[in-house]
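Listed next as structure tokens is one chain, alone, in the form predicted on its own.
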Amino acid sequence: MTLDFASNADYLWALLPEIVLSAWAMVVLLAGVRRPHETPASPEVMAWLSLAGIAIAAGVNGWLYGVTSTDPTAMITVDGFRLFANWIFLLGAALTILIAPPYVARQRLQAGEFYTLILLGTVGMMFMGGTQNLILLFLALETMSVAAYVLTAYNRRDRRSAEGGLKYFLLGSFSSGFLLYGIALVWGATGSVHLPEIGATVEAGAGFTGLLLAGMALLLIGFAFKVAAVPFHMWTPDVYEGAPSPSTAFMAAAVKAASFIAFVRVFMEAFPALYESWYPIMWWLAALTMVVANVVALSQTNVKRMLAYSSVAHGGYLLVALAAANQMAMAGLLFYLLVYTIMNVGAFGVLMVVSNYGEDRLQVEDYAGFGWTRPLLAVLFTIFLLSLAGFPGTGGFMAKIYLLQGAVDSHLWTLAVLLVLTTVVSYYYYLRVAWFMWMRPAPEGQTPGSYWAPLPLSLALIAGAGIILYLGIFPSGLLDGAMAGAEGLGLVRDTLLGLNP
């Protein structure tokens, strides 16, 4: 099927995954409504209903692989990059919903509204990955962000949740201001908010250079906030620690992935001709983020805060791909985001079990003896931690190998060395948790029954760990898909118009 976007019907076909998920979110919201005297809908039932909508949207996304777009001026694109990104977002939402029900039930949260926010936030992400228009990108980003703000502050009985939501809202709004002002300046310099048109104008030298550089710089700062790059990361540990654990998992995986996808699309399509201008900034952002986040994570005794700084550090690894800006780096970024989504949500899933589906027992010492009281969950957690660390034989290791290959292809030797060294540093704080699980005795009175993991959560964790191990041994299939997705960026805008260093 070919779409030329000559009519609104073509846009409807192109947006079918987003339309399906939006409509299903309304179904979930209405299904969760109950009169005061009626029994609330079960979180498990609402979760399966939400997962059905995600499955339908995934099916439609697969169908779009047979659709081609012929109109380069369309606001929505149908390319491999968008479709691969959709798999990441849908997977992140599905895993979050699978691990959330016991937490939602124990904390007495409104299940219908909680899952609806996840679905609508995912819709915003899918628009971010598929739009070529800066205004639509901003609207999509705000759709995702507002859902994330509410999810952070969702537990109204927890002061830390309210505090985290307020911090996230204030700093998120601040970063959105940078983005919007940057969009305005780019429009003023080029006369367009359409990414390919901006790229063509910049390549032709027809834009107002000073105004354009200022707009691009503001966009870069706005995206740096969204991806929590150092020094724009200070909101991350407090927000991640205060948010309900399922919300934290969703933000650390899917929200971060969407921010990187939008970051890549804007800079690879609109500003490839200015690569020599933004490359040094990207280089320093990547280096600082990798070093600072890993060093600070070494001193964390709260596992949730440790995973928050871990998330910042992984953002630094992904910024290496943006600095490299070649097809291998972009494919590695897509591969990395999918693997990171699985291992990060899996780690938070086990964290919820240990914390008894609350916000207590989050210290490293609380994991003492966990390996002997619940060996299966401890083995799964160990796999996720090793993959986060980039241990050989895991998907996380192969993801970092592909990022390194992308950096080497662009001769970024210093960044490649920093990536390796900071990865080695990260082994300490990941393996410290594993050491407590397996080498320290359980506290007196602790019994295996103290840890309860329902079947859906256990199956999600087992499947996630299985995928991580499979991709650590047989990564070529997913890499081929990621390479095809990177081609959706026009072979990374013809290797940035030949300006790679």
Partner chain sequence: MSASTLPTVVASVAQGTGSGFDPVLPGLILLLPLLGFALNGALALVSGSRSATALREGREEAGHDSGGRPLTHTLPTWIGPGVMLAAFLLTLVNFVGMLGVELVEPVIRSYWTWMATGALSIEAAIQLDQLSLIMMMVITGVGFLIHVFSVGYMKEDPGYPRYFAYLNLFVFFMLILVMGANFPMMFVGWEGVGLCSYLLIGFWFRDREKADAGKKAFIVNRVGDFGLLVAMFILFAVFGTLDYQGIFEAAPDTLVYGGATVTAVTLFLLLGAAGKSAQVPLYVWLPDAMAGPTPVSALIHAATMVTAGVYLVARSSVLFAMAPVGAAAVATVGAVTALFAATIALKQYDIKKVLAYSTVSQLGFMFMGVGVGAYAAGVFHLMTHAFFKALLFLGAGAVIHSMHHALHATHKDWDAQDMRNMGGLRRFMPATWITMWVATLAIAGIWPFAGFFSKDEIIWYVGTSAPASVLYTVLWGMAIATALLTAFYMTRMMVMTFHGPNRTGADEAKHLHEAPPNMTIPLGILAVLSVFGGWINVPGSVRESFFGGFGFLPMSDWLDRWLEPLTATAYQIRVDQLGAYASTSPVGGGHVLWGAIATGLALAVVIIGARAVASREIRPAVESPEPTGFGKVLHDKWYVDELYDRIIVRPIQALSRACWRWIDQVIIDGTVNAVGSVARGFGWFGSLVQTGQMNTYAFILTLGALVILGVLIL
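Positions refer to the first chain, counted from 1. Everything numeric here is computed off the predicted structure, so don't read it as measured data.
The discussion below concerns the form predicted in complex with its partner chain, not included here.
With the partner left out here, its partner chain still marks one of 88-96, 340-348, 235-243, 253-261 in the predicted complex; by a 4.5 Å heavy atom cut-off that stretch is 235-243. The single contact residue among 313, 323, 404, 78, judged by any heavy atom lying within 4.5 Å of its partner chain in the predicted complex, is 404. Proximity to its partner chain in the predicted complex, taken as a non-hydrogen atom within 4.5 angstroms, holds for one residue of 177, 72, 392, 358, which is 392. Contact between residue 167 and its partner chain in the predicted complex is found at the 4.5 Å heavy atom cutoff. Put simply, residue 55 is far from its partner chain in the predicted complex: not one heavy atom of it is within 4.5 Å. Its partner chain in the predicted complex is not approached by residue 366, whose heavy atoms all lie more than 4.5 angstroms from it.
In the predicted complex, its partner chain stays beyond 4.5 Å of every heavy atom belonging to residue 63. Residues of 91-111 are not found to place any heavy atom within 4.5 Å of its partner chain in the predicted complex.
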